[in-house]
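Only one chain is included here, represented as structure tokens and corresponding to the form predicted alone.
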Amino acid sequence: MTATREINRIVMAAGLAASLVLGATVAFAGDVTLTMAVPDWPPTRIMKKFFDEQYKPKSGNTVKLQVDFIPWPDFYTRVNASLTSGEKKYNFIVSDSQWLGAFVEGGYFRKINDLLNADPEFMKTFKDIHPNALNSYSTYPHKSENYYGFPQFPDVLVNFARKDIICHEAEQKNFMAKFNQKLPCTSEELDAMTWDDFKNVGEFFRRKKGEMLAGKPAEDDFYGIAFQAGKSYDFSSMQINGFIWQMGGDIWDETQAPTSKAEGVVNSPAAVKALEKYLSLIAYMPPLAKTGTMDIFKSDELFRQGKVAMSVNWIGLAEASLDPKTSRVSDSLVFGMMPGTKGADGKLVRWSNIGGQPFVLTTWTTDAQIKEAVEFVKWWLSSNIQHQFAAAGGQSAIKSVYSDPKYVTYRPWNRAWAPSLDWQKDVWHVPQFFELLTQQQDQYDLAITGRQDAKTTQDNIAKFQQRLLKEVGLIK
């Protein structure tokens, strides 16, 4: 354990002497270090910056936040290795939501109900969190009242688009001639897109270098659409789950264990059809997508390089697209909600797999560290800091914050934030999540790279999940 609390004996002695002389009560300051493992990306960089610049502990202690920034592709592996090795290095972790079951059952993540019950102010803030974010980031078993996490950065998928391309007069005219519908151009028009509309954009904007694009020769090969289709970590699953839920399918429902099944659900006709839909769009994406390496960072990079008209990605990556130093398209952006699927009533179904992460405390965190960690989290979730975080490119799951009219003015994608929250689900808060995830990612990679059809893929996933979950008693 690297986090320490040290009482400076010299200061104590001096303080005691002073109190005897002055007859006054003296608060003795100590040093408390909170050591945190976090993914290395803007939302955690902003958090560290805010802490260093603004945080003043109410206790009078000197509180240090020591942060290990870990690259996303290595994040789970390194945190898992640290926790299971017994080194007890971290007492504060920005955990992915699906890790909760594994690390709670492993004895590493601390339950926080007692901390909430002991602090009405803290509980009040906790109850102001959107229920979908609360269930995803805090509960184990999933959707129970056993709480483990606090939102650090909540996230959803949104549609990034280039106005200079999709709003161009000639492109608008030609798109109408080809599809007899308007090429979506405004935020509201992006909000109304179905996946079929998204596919049309992909089909329409495939241009070779030198072909005309928005009134001038394309500088490079150009493509209409992109979304995550990567084998690493959870990159394809997080996108495919949305297709499955939107089209009436489902994943194995852990909240109904042990009566819910994987076989017959994970490979239902609706789920197979949803995967077929997802795969059909890859044909219109940059060729890299067919190699299984289109992770969230690559699709973001291609969009910022100006090689894609629309890209569905996490808000957590969006800030770099606005910066002219990192984006060739910074001055021509428009954002909307992720495309949906039209339901029987004609309305869009928008289910999506939630992104973002909670803070969690580890079980070996000392009382002094817990006290300071809770105060830090209360500060982080306070209205003032949450507004500042949103204004710096972050997001808030606190209802009283994101429902403030000011909220949508902070960034162009914020208008899509609150409406998307109502459509978020999460995946597998069970100890076996990583086995489920890696097998599913392997199977989806076979489908994405054209080596296996959708039905075989969903059948294989369902069979594996049924066997594994039955072995551990989560399926009868």
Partner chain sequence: MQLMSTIQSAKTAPALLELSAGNWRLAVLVGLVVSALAVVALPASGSFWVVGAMSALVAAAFAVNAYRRRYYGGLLVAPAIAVLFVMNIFPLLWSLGLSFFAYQSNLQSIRFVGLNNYIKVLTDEVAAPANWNALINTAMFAVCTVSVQMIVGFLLAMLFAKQFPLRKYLLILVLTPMMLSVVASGVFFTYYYDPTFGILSYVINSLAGGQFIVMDSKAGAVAGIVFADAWMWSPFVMLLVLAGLVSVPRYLYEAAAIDRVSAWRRFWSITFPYIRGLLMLALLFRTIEAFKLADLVIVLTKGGNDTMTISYHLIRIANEQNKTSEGAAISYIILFIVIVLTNLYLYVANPKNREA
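Note that this is a predicted model, so its numbers are computed, not measured. Residue numbers count along the first chain shown, from 1.
Below: the form predicted together with its partner chain, not depicted.
Segments offered: 353-361, 366-374, 78-86, 182-190. Contacting its partner chain in the model of the complex at heavy atom distances within 4.5 Å is 78-86. Residue contact check for Arg451: one or more of its heavy atoms lie within 4.5 Å of its partner chain in the model of the complex. For Tyr108, a non-hydrogen atom is located within 4.5 Å of its partner chain in the model of the complex, even though that partner is not displayed. Although the partner is absent here, Lys307 is a contact residue: one of its heavy atoms lies within 4.5 angstroms of its partner chain in the model of the complex. Interface residue remark: Asn384 is not counted as part of the site for its partner chain in the model of the complex, having no heavy atom within 4.5 Å.
This chain appears without its partner; in the model of the complex, the one residue of Lys290, Lys399, Lys273, Lys261 with a heavy atom within 4.5 Å of its partner chain is Lys290.
This chain appears without its partner; in the model of the complex, the one residue of Asp250, Glu171, Glu301, Asp197 with a heavy atom within 4.5 Å of its partner chain is Glu301. Contact here is defined as any heavy atom lying within 4.5 Å of its partner chain in the model of the complex, and by that definition each of Phe434, Asp442 and Arg467 is a contact residue.
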